[in-house]
Each structure stands twice: as C-alpha cells, then as structure tokens.
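A lone chain, given as structure tokens: the form predicted on its own.
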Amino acid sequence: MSIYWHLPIMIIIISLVYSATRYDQWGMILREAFRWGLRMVSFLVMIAVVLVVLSFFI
C-alpha cells in the first residue's frame, strides 16, 4: 500500500483542525478548511511540478 493514499485524508484533517483553532462556527470552519486545503494541494502540486522538471534536466 502506497503512502500517498493517506495524503488526502491528512490534508482534510489538517485543514479542519487548523480552521477549528481560528473559528467557532461550523460554516466558517468548513469554508476556511476548504480554502486552506486548496492552498495546501496547490503548494504540493507546484513542488511536484518543479521536481519533475528538475528530473528531466538532471
């Protein structure tokens, strides 16, 4: 089993916990968790793209 199967679950949990430390209402928690998860996924995708591009040149 690949460790990457756990990545979406970890992103969801981390986003919810981080958002819950900042807000008290569920609507705000879920909205901020979605935005935070989107930022985290885009950051990880950018890192993956950079690593793939570097692997072609090295």
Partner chain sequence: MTTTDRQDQRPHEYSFFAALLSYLVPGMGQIYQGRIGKGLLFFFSLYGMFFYGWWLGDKSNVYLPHGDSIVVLGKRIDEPWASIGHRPQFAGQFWMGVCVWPAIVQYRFPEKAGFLRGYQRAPSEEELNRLQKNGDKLWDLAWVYTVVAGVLNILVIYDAFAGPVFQLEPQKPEWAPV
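Positions refer to the first chain, counted from 1. Note that the coordinates shown come from a computational prediction; the quantities given were computed from them, not determined experimentally.
Just so you know, the form predicted together with the partner chain exists too; it's not on screen, but the next bit is about it.
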Inset, instruction - Using the partner position in the predicted complex, report whether S42 sits within 4.5 Å of the partner chain, counting heavy atoms only. - result: no
Inset, instruction - Please run the contact check for I14 against the partner chain in the predicted complex: heavy atoms, 4.5 angstroms, yes or no? - result: yes
Legend entry - Partner contact for V49 in the predicted complex: the partner chain, 4.5 angstroms, heavy atom: no
Inset, instruction - Find out whether any non-hydrogen atom of A20 is located within 4.5 angstroms of the partner chain in the predicted complex, and reply yes or no. - result: yes
Inset, instruction - Can you tell me which bits of 1-16 touch the partner chain in the predicted complex, meaning any heavy atom within 4.5 Å? - result: M1, I3, H6, L7, I9, M10, I13, I14, L16
